[in-house]
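Single chain ahead, written as structure tokens, the form predicted alone.
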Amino acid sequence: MTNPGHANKANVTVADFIQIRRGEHLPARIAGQIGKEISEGRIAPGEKLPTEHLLSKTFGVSRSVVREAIAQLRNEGLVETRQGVGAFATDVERRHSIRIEQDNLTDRASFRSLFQLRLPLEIEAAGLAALHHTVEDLTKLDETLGRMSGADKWTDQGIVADLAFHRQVAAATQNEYYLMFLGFVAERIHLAIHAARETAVLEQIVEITIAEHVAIRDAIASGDPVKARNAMRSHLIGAAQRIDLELEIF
């Protein structure tokens, strides 16, 4: 990670990162570590991050988890990715990120507020996705559903796929701001998914969640914005109820 243009800085190395404990949500925690190095200047603006392979070895996680972490940092405006080249820390003046530290959301009132914000944004995103989705968008939705319902659906990889599904719905709106904001929110809503899995019979909760996502996908594919909004609304209300979260729903 040497950058000659910043020789006066103590550049971060992979040794500065620590392995993530398995009980933690891996992508968010990895993004938090890398984001701190960027925000505090140990990874300089314009500096290239280590490769996915090296980061996965350093943190002791899969490359797909590293990709999710980099996606979160991109949503927060801390990194930019260049096809076939890698990820780079953005220049300070180009950062337009919204940051909510993950630990702040252990407070139930703060988490409820974020979930309440999620409700109108995701419902409207589903409606817009029904109107503006492409064939490629549907293909990507199907890919995430395949990962959600595959052999890893009981593991953290199932949660990663769940979050990817919601980001893809946002992408299907063809509105970059929905993708920016909902990508940010989705990475923090993993707390709801973990909580739901811990307070219910895992087999039941996973199958119910998959069925709700299939309904959203089918409604979007139908091109009916009302149907898509209703499917997303039903899913989000169910998600809130599964973690005993009382929302103001109109």
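Keep in mind that what you see is a predicted model, and the values were worked out from it rather than measured. Each form is matched to the other, and the largest set of C-alpha atoms that superpose within 1.5 Å is called the rigid core. Numbers for residues come from their place in the sequence shown, where the first is 1.
One more form of this protein should be noted, the form predicted together with the DNA, which is absent from this view; the next part is about it.
Although the DNA is omitted here, in the predicted complex all of P50, S62 and V85 have a heavy atom within 4.5 Å of it.
Comparing 77 to 85, 108 to 116, 133 to 141, 168 to 176 against the DNA in the predicted complex, the single stretch with non-hydrogen atoms within 4.5 angstroms of it is 77 to 85. Of the listed positions (A219, I38, L26, A186), a single one reaches within 4.5 angstroms of the DNA by any non-hydrogen atom in the predicted complex, namely L26.
Proximity of R67 to the DNA in the predicted complex: non-hydrogen atoms within 4.5 Å are present. A displacement of 2 angstroms or greater separates the C-alpha positions of T81 between the shown form and the other one, with the rigid core held in common. The Cα shift for A219 between the shown form and the other one, taken after rigid core superposition, is smaller than 2 angstroms.
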